[in-house]
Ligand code: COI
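Only one chain comes next, encoded as structure tokens, the form predicted on its own.
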């Protein structure tokens, strides 16, 4: 049976704060949300846009006890022409389906949920910020809600999309961050859930993140979970380096999240005739490059920041300065290229932009 979308508009509409500089991230939410239900016998059904509000959930729901959930993150932008656009949303929904397979959750009908997202953003178009650098953050998520205990496959699930107007990630300009290589805790192992976007991966990272923060570092750089030898990713982003003139990033190996921003940077570079490397990068190689000066730049990449330059790298009690603690030309170039496409300042030659309104 084909899915049909119904819309229930709120009777108590809110409004975007007049001062967009105080939006922050994930604190303010728009008027409506999209949801639909899934069951083994009916598949996905009851697709609807409804007023934003709290969820009612059974205390024994699968998600609360066994972590049956996945999520995504993307953005809607008000570009320089005044249009509202999305950046590669189909890639997020495709990745969400790969996460669903790993967590034993139902896959989404990508075309339908993309159309539903467009309708949701159209309905809450007034919540898309106007100030440069601000955007409407889009958070889709799925969770199992079987109402009984016991480890088992999911028989019932729910899918939601909520929207959150968010401020400029770089309110005071792009500033290099300091990160610490974690050699005690591990984030994921091949065959685990590292390549899925699920809450358990983030929950497992909190302890190491807290330790790093106590020492004055912004993020943790994870090593592989088996040999503790190869660099994988930063806390909430993928990681890239420029070593001896060559851009490289850890190869996807089953324990690294396949980031959409990572993918976009690699594709953009190749469209420019460059050949970035996806390969294993050992911590020994990285430290040697930091010591001999061939580690020219390092940066995280993800939806929230696009790119986040690394100024200092700490490992086993030593701190290594990268590019004199300054932003490098590669980071500037990548940031300008991706945000230029997202905000309509540069031509979208790669077909990444999806117009909503």
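Predicted, not measured: the structure shown is a model, and the values here were computed from it. Numbering follows the first chain given and starts at 1.
Although it is not shown, the form predicted in complex with the named molecule is what the next lines describe.
The single contact residue among 304, 33, 289, 28, judged by any heavy atom lying within 4.5 Å of the named molecule in the predicted bound form, is 304. The listed set 236, 99, 178, 164 contains one residue whose heavy atoms approach the named molecule in the predicted bound form to within 4.5 Å, identified as 236.
Although the partner is absent here, residue 73 lies within 4.5 Å of the named molecule in the predicted bound form, judged by heavy atoms. Within this chain, residue 137 lines the site of the named molecule in the predicted bound form, having a heavy atom no more than 4.5 Å away. Not one of 88, 93 and 127 places a heavy atom within 4.5 Å of the named molecule in the predicted bound form. Comment: 194-202 is the region of 119-127, 194-202, 77-85, 156-164 lying near the named molecule in the predicted bound form, near meaning a non-hydrogen atom within 4.5 Å.
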